[in-house]
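The structure tokens that follow cover one protein chain in two forms, given apart as structure 1 and structure 2.
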Structure 1
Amino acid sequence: MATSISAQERVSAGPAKRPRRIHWIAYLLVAPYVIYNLVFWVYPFVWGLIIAFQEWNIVSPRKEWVGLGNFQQVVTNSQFWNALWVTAKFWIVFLPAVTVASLLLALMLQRVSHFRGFYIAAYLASYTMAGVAYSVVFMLLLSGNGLINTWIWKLFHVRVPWFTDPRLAMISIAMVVVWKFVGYYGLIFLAGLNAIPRELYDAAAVDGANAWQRFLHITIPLLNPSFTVVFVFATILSYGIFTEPYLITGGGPLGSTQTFMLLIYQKTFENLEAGLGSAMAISMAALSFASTGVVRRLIEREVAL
């Protein structure tokens, strides 16, 4: 007669051990991602951190340990502080412009009943374009004799110095970047709008709230997660902008578009000051993390549907 094991005995015996090969399969599945991050993220970061404490001209294998000397140069470097001001100016223009444009786009797409997928794909096409391609296109469109200036001249007999005036150059670049990201950020807002229950709008309408009141007191508060994501992405992007100013203005005129990434590139690969460039990159990363934290603390709120 076969003996049966009681429930208490089964619990005390503990869970049955799974075959060891399952664990090795899991390790093999995650190995490519781990190796990728070690090679392309962890190793460059550690190496850059070490170089930040050294003086190295890239060409020569000789390195000289200078300690905090490179970071002291960062603090006293006027170009670094100019890059911080350029980044702030870009952020001040880019953030509200891309937020408003993306939200309006999302509101319009939400009301589209036919071919919505087509319109979403059409607006997302700008996000998939290479930075070099659309930078060259806008550089030609907004040049002194470009198509847009030609139209403005015919209408108002003036030519706008989009990229040649220090007061307009960074603003113009910011608007070009808005064109690229409006579709992507609009999709984030569209997802947030679709997550809001329709019953809330119906109940507010029954209580006598008009369309503007419903938008102000229901849509905006419940879109807080979407606003947080867009604000954080826009803040990070402001510190990492490179392709547009490099191709369109080269950092000019008069350093008005010399962003952090462009300055780091010039110091590292043009002036061959790898140590100073690494110190600037680490300082920029610290400022980016700090700014992102401040933005999240100011706008992020817990939302309960």
Structure 2
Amino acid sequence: MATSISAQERVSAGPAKRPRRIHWIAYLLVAPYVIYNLVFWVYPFVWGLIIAFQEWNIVSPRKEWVGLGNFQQVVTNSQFWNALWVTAKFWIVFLPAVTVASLLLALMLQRVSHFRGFYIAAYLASYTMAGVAYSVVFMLLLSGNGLINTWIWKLFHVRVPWFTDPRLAMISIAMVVVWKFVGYYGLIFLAGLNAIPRELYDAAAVDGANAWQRFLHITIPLLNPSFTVVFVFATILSYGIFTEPYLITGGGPLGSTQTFMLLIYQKTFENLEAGLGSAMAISMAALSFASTGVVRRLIEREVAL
């Protein structure tokens, strides 16, 4: 009886309470990351959100609340919708091009037995290069009398207006960005390829599957996580293109490379319409978020190895 009472008491009292301890060391360890995020992400984001509802010219201390006025301007601004169209054009070219190029690179790197680290670093170098530097290099390479056009002229007696034809300019910029990211995305695919067990290929080979069938039915499905990451990164990146059009085309010709970032920069820092620029940035972020969600829904599959 005594035993049953004490058991009942124990149940009603629950587990014994221990004094809570604050793990200061843990907080200290995560503090740099938290502080970095607070300073460079949370604070600007909150501030940007506030500005989006104000009319402010950056320089003046005077700010005026305008409610949803800036967002109304965004919706009726033809340049904003042009930027969406430009982003879509970029994405349509960039996504397949960078996916195919980086997958091929990863497949090649997987077969390299010597100096693999060197090759990876070499292809990754473009990713670490300053945007201004390579934009100027490509601008000179692809100018009317640049190296590439000089060869084309010698071979075919034509010059390709890479950055000066409204139909070609965004494609050319997309190719420059592919060059920059092929090493980085290639590394993501390489990690995915290395995670696929060799036994699956061996078993398929025993069953008579040829190389193409093994690639199509083993490699591609099992690379789904890598595809998802690359597609999501590429989609987010499509909304964030700035340096290349800013330096190479200035948003032209005829607005064909006027990306969101370029438009936001011009509105904010050149026209001093910080409220409108901020509202555009928030609207763009919402579009980017939605696009990423759609891409994930279409691509992402559960992969069990």
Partner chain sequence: MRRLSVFLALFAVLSLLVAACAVPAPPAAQTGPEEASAEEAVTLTFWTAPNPLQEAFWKEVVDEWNATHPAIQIDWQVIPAGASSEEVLLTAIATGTAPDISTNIFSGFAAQLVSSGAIVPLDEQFPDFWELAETRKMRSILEKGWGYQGHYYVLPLYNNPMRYWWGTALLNEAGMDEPPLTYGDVKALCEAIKIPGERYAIMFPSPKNWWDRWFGFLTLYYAASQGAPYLDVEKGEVLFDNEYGMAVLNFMNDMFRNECAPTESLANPLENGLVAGSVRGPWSIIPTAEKFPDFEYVVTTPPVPDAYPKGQPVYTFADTKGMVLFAQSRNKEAAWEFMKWYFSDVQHDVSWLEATNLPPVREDLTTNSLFAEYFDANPKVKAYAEGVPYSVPPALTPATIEVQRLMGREMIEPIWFGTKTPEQAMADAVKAIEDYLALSK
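Worth saying up front: this structure is predicted, and the values here are computed from it rather than measured. Definition used throughout: the rigid core is the maximal C-alpha set that superposes within 1.5 Å between two forms. For residue numbers, the reference is structure 1: its sequence is counted from 1.
Self-check item: Of structures 1 and 2, the form predicted alone
Solution: It is the first structure that is the form predicted alone.
Once the core is aligned, please say if the CA of residue 68 is shifted by at least 2 angstroms between the two structures.
It does not reach a 2 Å shift.
Residue 254 C-alpha relocation of at least 2 Å between the two structures, rigid core basis
Residue 254 C-alpha, core-superposed: shift of less than 2 Å.
After aligning on the rigid core, report the distance the C-alpha of residue 29 travels between the two structures, in angstrom. In the core superposition between the two structures, the C-alpha of residue 29 moves 2.5 Å.
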